[in-house]
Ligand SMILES: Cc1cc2nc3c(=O)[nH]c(=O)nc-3n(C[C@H](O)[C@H](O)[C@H](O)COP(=O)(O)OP(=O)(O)OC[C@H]3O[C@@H](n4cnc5c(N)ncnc54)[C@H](O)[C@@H]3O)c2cc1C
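Given as structure tokens, the chain that follows is alone and in the form predicted alone.
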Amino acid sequence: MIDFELSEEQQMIRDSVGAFARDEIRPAARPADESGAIPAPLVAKAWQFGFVSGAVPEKFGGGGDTRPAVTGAIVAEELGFGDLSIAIHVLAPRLFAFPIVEMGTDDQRAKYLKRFTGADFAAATAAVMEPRFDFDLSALQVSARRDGGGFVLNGAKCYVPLAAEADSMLVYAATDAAKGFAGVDGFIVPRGAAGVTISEREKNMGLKALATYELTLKDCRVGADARVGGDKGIDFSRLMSQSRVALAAMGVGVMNAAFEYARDYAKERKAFGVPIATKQAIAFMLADMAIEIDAARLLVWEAAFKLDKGGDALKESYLAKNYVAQSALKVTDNGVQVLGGHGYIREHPVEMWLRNARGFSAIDGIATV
């Protein structure tokens, strides 16, 4: 049975992160979208929340938190409500640190986790997506071939956040393509390793404030100690389920941002002497947006709840992410529609949220394939 009542701690986390998203992130979102740069002081403030260090074991200087997925979803939704680009930027180090926390060897934890417990933002990332139309997480084409005492990586990745500023990145590659998710391993690759080429910054339709890059691996040789988890490897299915839950939760935040902005606008904007919110066509549209948000949030929480119970949430996380990818487009487009002509101009953020929402169907693979 799922309990929908947030604990006192979860409510406190939601309120504090939500206030930060409204008061600090939201005002910075439009300038960051226009300039393509996220202010370093804002990133530093976000870092102080301990979104990454909180999950690092205490013996490495972290908070030693248990990292429940439901609480993580609550945090991701609030940050996504503030701005999706900034949310992904400040959470990107999790893509590198959390797999090592949960599945890394003792040596890997000792070597890499301390960097995330300092006072300054530590850029890190993971390379998952591949630039092909039939991308499938269970059939990665980036390969890792065992060679002597190490591995040789070949292939290409795309949409890698912060790749140009991260000291190391986690590259997912197939070591046995016939095994699907079970045949994927994660490899820690230094940014300047021989055989690694990082492209110029990608020019995307949305998420303009987030720096993403293509990554090419050509006979990139790493030692056996670069394989996360050593001979035991990783549970790639679980890691991707966690990633999908976080991404979907941020999508719910984007949807809620569009809904609240459109609702408030509709209450203020008058036509024929009355607020347009009283017009049936607008009221029904706002109601549909609210329904989609609740439905998407429940799917996210269901997947997160199953992860917290230690179960296989591959199906639930896929359903949540896929539903959000579609409903985020619908809700943000309705947000533009409620504002009418004003929704199309950059004076209002709804057009930015619509562009950002389009990314959910591309990140983690196209939903229609």
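Just so you know, these numbers come straight off a predicted model, no measurement behind them. Numbers follow the displayed sequence, beginning with 1.
Not on display, but discussed next: the form predicted in complex with the ligand.
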Of 216 to 224, 277 to 285, 164 to 172, 89 to 97, the segment with heavy atoms within 4.5 Å of the ligand in the model of the complex is residues 277 to 285
So which of V70, A55, L42, L339 reaches within 4.5 angstroms of the ligand in the model of the complex, heavy atom to heavy atom?
L339
None of A119, I291, M205, A271 but one has a heavy atom within 4.5 Å of the ligand in the model of the complex; the exception is A271
Give a yes or no for F60: in the model of the complex, does one of its heavy atoms lie within 4.5 Å of a heavy atom belonging to the ligand?
no
Evaluate F49 for contact with the ligand in the model of the complex, applying a 4.5 angstroms cut-off between non-hydrogen atoms, and reply yes or no.
no
